[in-house]
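This document opens with one chain alone, in structure tokens, the form predicted on its own.
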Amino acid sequence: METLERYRPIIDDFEAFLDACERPLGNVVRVNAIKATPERAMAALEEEGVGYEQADWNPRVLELETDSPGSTWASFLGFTHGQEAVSAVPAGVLDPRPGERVWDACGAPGGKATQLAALMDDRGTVVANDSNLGRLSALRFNAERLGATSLAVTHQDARNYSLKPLEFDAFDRALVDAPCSCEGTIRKNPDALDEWTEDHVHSVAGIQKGILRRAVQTTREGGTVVYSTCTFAPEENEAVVQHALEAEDCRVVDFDLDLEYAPGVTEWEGEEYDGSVSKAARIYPHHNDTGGFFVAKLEVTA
């Protein structure tokens, strides 16, 4: 937890934050709208004797009373998918519509890509990309199990993503759930900070900036790009958004969120960010008893 001390100046109720980071995370699933309503999924769990609690901010998020959420019949049938509660937020903020063309720049292993397809009633095109070939097999498996037929899979470096293999020249929306230092997953992965260094934070921030810029470039004017990470480091969050604002035609926009959260920071270790970056959401573990996440929503302006 020593690593997290660097965030004491920007996190209210820092002791509550540390306490929450030391508590194990519950086992949560997302109800897959392509195959089941929440009621049908809950009925399947009840028949199997698996207890659950429905999240008050999202009826499709269920915390299960089992250590094996992937071993239930509801999971086998594709009614549910193991996905940390706060991990379901970015796709909801992107708010894709049926028939649209949506890019999931870092799509494996498919939790958010299949969620996007479900939010679109499985109509339109979700291009789920990942540069890690090994993780793509998990993406394909999850897409098939969850019945996401609108999903196409590509294997490219998102920083240099080419639209040439596709039959269109721009996406309507893009999700960049970027690879990160994963500080916000510490409740699920207690060793998440063991290899943490500032050098790694700055290294991965360079990758994040490249991916977010490409997402803005490949999204049509007026389209939407959501940037998210599961880390607390401003270098990987607000600084990445700031870089996109300076390099590309885009702006940060407001969004509604039925969760407790803190605004994006506008200063960090001598760096100042555009005031609009405060429209981003920092979701800390003590806010809603979840993991940690950062989410920002951008509109492409040209």
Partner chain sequence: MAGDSDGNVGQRFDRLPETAADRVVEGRATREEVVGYFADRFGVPPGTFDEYTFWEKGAGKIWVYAGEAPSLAELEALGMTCLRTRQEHWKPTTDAVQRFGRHADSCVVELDRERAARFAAGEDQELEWDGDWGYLIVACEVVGDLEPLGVGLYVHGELRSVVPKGRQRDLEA
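Residue numbers count along the first chain shown, from 1. Remember, it's a predicted structure, so these values are computed and weren't measured experimentally.
One more form of this protein exists, namely the form predicted in complex with its partner chain; it is left out here, but the text below deals with it.
Trainee: For the chain shown here without its partner, which stretch in 217 to 225, 131 to 139, 190 to 198, 107 to 115 has non-hydrogen atoms within 4.5 angstroms of its partner chain in the predicted bound form?
Mentor: Selected range: 131 to 139.
Trainee: Which residue, 92, 210, 147, 82, has a heavy atom that falls within 4.5 Å of its partner chain in the predicted bound form?
Mentor: So the residue touching its partner chain in the predicted bound form, by this definition, is 147.
Trainee: Of the options 265, 64, 44, 55, which one has a non-hydrogen atom that comes within 4.5 Å of its partner chain in the predicted bound form?
Mentor: Of the candidates 265, 64, 44, 55, 44 is the one lying within 4.5 Å of its partner chain in the predicted bound form.
Trainee: Would you confirm whether the three residues 73, 123 and 155 all fall within 4.5 Å of its partner chain in the predicted bound form, going by non-hydrogen atoms?
Mentor: Heavy-atom distance to its partner chain in the predicted bound form: all three under 4.5 Å.
Trainee: Does its partner chain come within 4.5 Å of any heavy atom of residue 86 in the predicted bound form?
Mentor: Residue 86 lies outside the contact set for its partner chain.
Trainee: Residue 34 versus its partner chain, in the predicted bound form: is there a non-hydrogen atom within 4.5 Å?
Mentor: Heavy-atom contact with its partner chain at 4.5 Å: present for residue 34.
Trainee: Can you check whether residue 251 is within 4.5 Å of its partner chain in the predicted bound form, heavy atom basis?
Mentor: No, residue 251 is distant from the partner.
Trainee: Using heavy atoms and a 4.5 Å limit, would one call residue 101 a contact residue for its partner chain in the predicted bound form?
Mentor: Yes.
Trainee: Quick one: name the residues from 249 to 264 with any non-hydrogen atom within 4.5 angstroms of its partner chain in the predicted bound form.
Mentor: None of them.
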